[in-house]
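Presented as structure tokens, the chain that follows is alone, the form predicted on its own.
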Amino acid sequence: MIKFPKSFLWGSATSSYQTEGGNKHSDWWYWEIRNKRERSGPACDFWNRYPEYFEYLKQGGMNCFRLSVEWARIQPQKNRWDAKAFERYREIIRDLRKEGIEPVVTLWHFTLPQWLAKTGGWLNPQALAYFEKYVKKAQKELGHEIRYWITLNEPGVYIFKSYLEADWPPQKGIALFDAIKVREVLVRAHQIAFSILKTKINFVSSAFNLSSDEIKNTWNPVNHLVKYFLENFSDWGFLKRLKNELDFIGINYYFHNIINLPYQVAGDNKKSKDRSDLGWEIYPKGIYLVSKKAFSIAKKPIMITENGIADDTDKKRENFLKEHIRWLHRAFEQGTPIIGYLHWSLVDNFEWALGKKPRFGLLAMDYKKMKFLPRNSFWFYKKLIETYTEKV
């Protein structure tokens, strides 16, 4: 077996709002109150207890960790930057480096400062100007500490959930024209961020939620039309638009879609019995198919920036890890340049509109006692890392 090189990035991923706790200046915080949803509250208290989490990264044999910085924490008011927040993020990133763990830092992972959200969010005519200032400030304060940047997380998912399905703030249902406008704004946001962040010694990308889309009954032209729309207006479309402004391809892989009209417009394989707690089909081969396809489009190295399963009992996660990494390794053996695999997530966290019930973590979180402990799959993942990495 040709193993992954010693430089391969093995790790796990989180986001700021889902784990830090106390992000009171974010639009999601206000949205939870207004809609009487489950509160994120202290979340996993990562903001205060990050050294404890880093200790588990070391114990698990991980050399990489994806996290995000919270725009609203850094810029709580339109005309105020929080120097203490920047200092804490510097401490977090430096502590990772001291432990020999490569930080992968995301600038925007769905949340906005409330001051921007209440004036239109991404539809505010000044939104790109505000984002540009934020990126420049982040680059100035943190840039010398960071080799891997993620500008945007799953822009296509955000548009669908916020402007079409209306399940996330600003909860605009079937706002098609707004969705089209935000799509163009986010394309431009990545381009602006890339131009600011890019140096000769760092690597910049976005994290794209890329599904494995499969047509059943290829004789039906409508199936092909549906697939066309799926692949051009989802994150596949963002990848195609931004392929020349990426140093690597960040892939979040979760979904396998079967397209079979009139019986099934889109969605996972209804016949599959192998599913997560959220009912998502478990389809490991998809990570192989998606990786090869993404490389054929953009011709850039691939980092799996998210891949995980909601599994409260931890009965399926080990096999999930084994099979997804096996298929990813097959793509690598066949010549697809894979540079890293980051499992979602390091710890159970606040899963947006679904609250704290879905359990994605390698670490199990007890929210009542605010304690976290490794699941069996945590140690299994460590063994996989050792098995698939060359020794010399």
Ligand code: BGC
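Keep in mind that this is a model prediction, so the values were computed, not measured. Sequential numbering from 1, following the sequence displayed.
Omitted from view is the form predicted together with the named molecule, to which the following refers.
Counting any heavy atom within 4.5 Å as contact, can you tell me which stretch out of 71 to 79, 173 to 181, 106 to 114, 222 to 230 lines the named molecule in the predicted bound form?
Stretch with heavy atoms near the partner: 106 to 114.
Under a 4.5 angstroms heavy atom criterion, identify the one residue in 31, 352, 56, 367 near the named molecule in the predicted bound form.
Of the candidates 31, 352, 56, 367, 352 is the one lying within 4.5 Å of the named molecule in the predicted bound form.
Can you pick out, from 318, 102, 306, 311, the residue that has a heavy atom within 4.5 Å of the named molecule in the predicted bound form?
Comparing distances to the named molecule in the predicted bound form, the residue within 4.5 Å is 306.
Heavy atom of residue 154 within 4.5 Å of the named molecule in the predicted bound form
Contact check for residue 154: yes, within 4.5 Å of the named molecule in the predicted bound form.
Would you classify residue 252 as touching the named molecule in the predicted bound form, given a 4.5 Å non-hydrogen atom cut-off?
Yes, residue 252 lies within 4.5 Å of the named molecule in the predicted bound form.
Find out whether any non-hydrogen atom of residue 234 is located within 4.5 angstroms of the named molecule in the predicted bound form, and reply yes or no.
Looking in the predicted bound form, residue contacts with the named molecule do not include residue 234, since no heavy atom lies within 4.5 Å.
Report yes if any heavy atom of residue 86 sits within 4.5 Å of a heavy atom of the named molecule in the predicted bound form; otherwise report no.
Answer no; every heavy atom of residue 86 is more than 4.5 Å from the named molecule in the predicted bound form.
Partner contacts in the predicted bound form for 322 to 344 (non-hydrogen atom within 4.5 angstroms of the named molecule):
Contacting residue: only 344.
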